[in-house]
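Below, in structure tokens: the form predicted alone, a single chain.
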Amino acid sequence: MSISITTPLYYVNDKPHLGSTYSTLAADAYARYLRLKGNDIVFVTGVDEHGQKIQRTAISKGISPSEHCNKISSQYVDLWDNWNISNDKFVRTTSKKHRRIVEEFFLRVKEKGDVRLGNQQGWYCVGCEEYKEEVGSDKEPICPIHLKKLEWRDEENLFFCLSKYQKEIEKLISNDSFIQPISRRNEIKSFVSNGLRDFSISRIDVDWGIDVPGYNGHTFYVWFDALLGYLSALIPENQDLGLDDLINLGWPADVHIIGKDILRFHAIYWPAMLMSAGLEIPKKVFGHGFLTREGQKMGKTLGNILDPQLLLEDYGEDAIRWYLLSDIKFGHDGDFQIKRFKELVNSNLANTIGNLLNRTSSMARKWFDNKVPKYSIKDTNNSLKELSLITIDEVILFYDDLYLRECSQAILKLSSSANLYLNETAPWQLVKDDANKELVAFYLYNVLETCRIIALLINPLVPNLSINILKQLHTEHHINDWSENLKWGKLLMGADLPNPHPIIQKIE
């Protein structure tokens, strides 16, 4: 059975930013990890292309909404390709298959009696595509996220009867594994405890959207439409499949990895909609934190937005991946600091891991004819072997729980221990006496084998760096099947060692 992982479906009002890249890199790391364990993965990402905000953005640029969506969507496709994102599916909510799924889903929910016609009145943020219930009595309230004036709306809408699912949602969110991390779960519990209200699923006077069958002038509210992209993404192009076929295509999702700002939609509205339509609900929703830059929220007005494509060009994939996934506790807010970024990459990757490999392989090449050293000593009381095996178990548990920073810390700890082991055994001193040749071979093999294990463990986080390490050990083909290749002693004695070279360039 396959495991399904999704990122958010990114809103194409503007080009991709670092926040969307962060979500995607985390999901990519998790997908890569699960594949290495031998799982069949369906990794879904894509874009949300409807709504009034996109309609207005396109008009302001003098182009059609379709032209705007095609342009921005292609930027996402290109960016994920440049970042080597390993997604299996990329969905656009303007596709024909998506429209078909939305219409089928709506008719199911309507037949269940969970759709009613009503009137929606309140302050609305076009940027959030959401009514703001918490604005109070301000005469001209401001959206706390977009810092723009809200618009007063009073219009006929279709509503989904969310209030009918109060008890079901309460039971769902009481499951400790459904919403992660714990802080996010507590926020949702607090919201639900105040009582669930029916929410609008249509808009009028919004041309850029999917028409609601049987209701002239109504188009589906972007959030009702967009969430269904997780379903339509699974359907192969040009195949006339429906909702009942999803169980064989990767539904339900095992985890939605999203930003905390859209947690309510994924942890409350979405499960209730699926219950209504008779479909299984996702197994987990993980709401990660926001990224800031040097302590400030990133935004156009401040001119401090970090362009993920420029970062990639300036520093390379591995450096950015490592910093974002190792320095920020996944699930918490994080701050991108250029100085810390450079220091961390140089210290962790170039020095701690890179220097360990380079100096060990250089000694092995020099003293053992450019080959992995051979030894016949029994490796009882092999402290580095024991520590490596302990670290493997720890890292696997951390990956399982999406503790990405903890994974990197455990791997770094093993690297530091291997450096210390090398200093304490001092093979450069022992080699001066030919009688110690076998002992030197034993010590160097232990460190090189530890480097191989480090390369495998680090692969989901920084895949290119991982492969560079394995190439230097002449074992790059041993990347898959963790259950077998993470066993100690898989580095072949006597194998040729290529000329050592830096596995990652220091950032000057």
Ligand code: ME8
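Numbers follow the displayed sequence, beginning with 1. Just so we're clear, the structure is a prediction, and the values are computed from it rather than from any experiment.
Although it is not shown, the form predicted in complex with this ligand is what the next lines describe.
This chain lacks the partner; the member of C161, L227, I72, I173 within 4.5 angstroms of this ligand in the predicted bound form by a non-hydrogen atom is L227. Of the listed positions (G259, P427, P271, P308), a single one reaches within 4.5 angstroms of this ligand by any non-hydrogen atom in the predicted bound form, namely G259. Proximity to this ligand in the predicted bound form, taken as heavy atoms within 4.5 Å, picks out 281-289 from the listed stretches 281-289, 193-201, 233-241, 345-353. Proximity of L25 to this ligand in the predicted bound form falls outside the 4.5 Å heavy atom cutoff. Although the partner is absent here, W208 lies well away from this ligand in the predicted bound form, with no heavy atom inside 4.5 Å.
Taking the partner from elsewhere, K366 is found to have every heavy atom lying beyond 4.5 Å of this ligand in the predicted bound form. Under a 4.5 angstroms non-hydrogen atom cutoff, this ligand in the predicted bound form lacks H98 among its neighbouring residues. In the predicted bound form, this ligand lies beyond 4.5 angstroms of every heavy atom of every residue of 310-329.
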